[in-house]
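Shown next as structure tokens: one chain only, the form predicted on its own.
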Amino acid sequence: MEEEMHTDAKIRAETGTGSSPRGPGCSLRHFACEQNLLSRPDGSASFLQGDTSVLAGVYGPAEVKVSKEIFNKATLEVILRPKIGLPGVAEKSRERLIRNTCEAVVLGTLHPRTSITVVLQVVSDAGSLLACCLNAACMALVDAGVPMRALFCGVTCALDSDGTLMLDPTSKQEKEARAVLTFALDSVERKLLMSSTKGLYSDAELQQCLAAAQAASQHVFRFYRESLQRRYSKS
């Protein structure tokens, strides 16, 4: 049975530069976001976390096939396309996690018998891909004007062999980590909407990672606000 690690999380700090805010103790990578990039979707966004980049497009609310119609709410679909090749098991698993997160915040009952489709294209994967997909999806939904009860964001944590906690890990750090945990949190009460975990960790370490993700989410939501303020102040 795995031994419990120290209850005090040791956070490995990384330097970050760019337009996103950086508070003391925040070790998230550089953020960048651009909305309304594509003309055909109703909303779109490109989200960059370090060297990880995802492009998202949202279609709808639109007409839905009769076979997929839900009489009292919108049908929400998520399609994740890898950088190269066809979607595999990993992409299908991430699609389900992202769909569950979106369904938890989208007010689908306002648009019954319609479809809302979120299409995500991986541009580059340098770690924390699921978190980047969640952030891109949220900003694309905002751009499309889809009604939501709250915004949401994704934060990935990694634990290495000696229990050091790393936020927003790179691909190399994920491969070397003993455990990788991704959380989706809402912007109202920082409630947990979804979690995806891989590897070995104790209950205490799970709570450490969740607390670190909740603290880091404040920086992500602040970046959301500043990004939207910059966009709409220009128009």
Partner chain sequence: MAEAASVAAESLAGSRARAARTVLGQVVLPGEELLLPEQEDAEGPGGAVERPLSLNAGARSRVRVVCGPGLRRCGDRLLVTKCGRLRHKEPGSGSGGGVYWVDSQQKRYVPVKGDHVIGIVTAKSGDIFKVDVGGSEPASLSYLSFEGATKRNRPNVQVGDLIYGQFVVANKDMEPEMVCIDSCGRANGMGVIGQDGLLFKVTLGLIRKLLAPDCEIIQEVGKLYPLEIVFGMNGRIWVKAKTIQQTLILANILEACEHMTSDQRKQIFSRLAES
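Here the structure is a predicted model, which is why all the values come from computation and not from measurement. Positions refer to the first chain, counted from 1.
Absent from the display: the form predicted together with its partner chain. The rest refers to it.
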| item | value |
| --- | --- |
| Output flag, Asp143, Val188 and Arg225 jointly within 4.5 Å of its partner chain in the model of the complex, heavy atom basis | yes |
| is_contact(Ala104, its partner chain) in the model of the complex, heavy atom dist at most 4.5 Å | no |
| Its partner chain contact in the model of the complex: Ser67, any heavy atom under 4.5 Å | no |
| Contact label in the model of the complex: Leu38 to its partner chain, heavy atom within 4.5 Å | yes |
| Non-hydrogen atom contact Glu174 with its partner chain in the model of the complex at 4.5 angstroms | no |
| Contacts with its partner chain in the model of the complex, stretch 120 to 139 (heavy atom within 4.5 Å) | none |
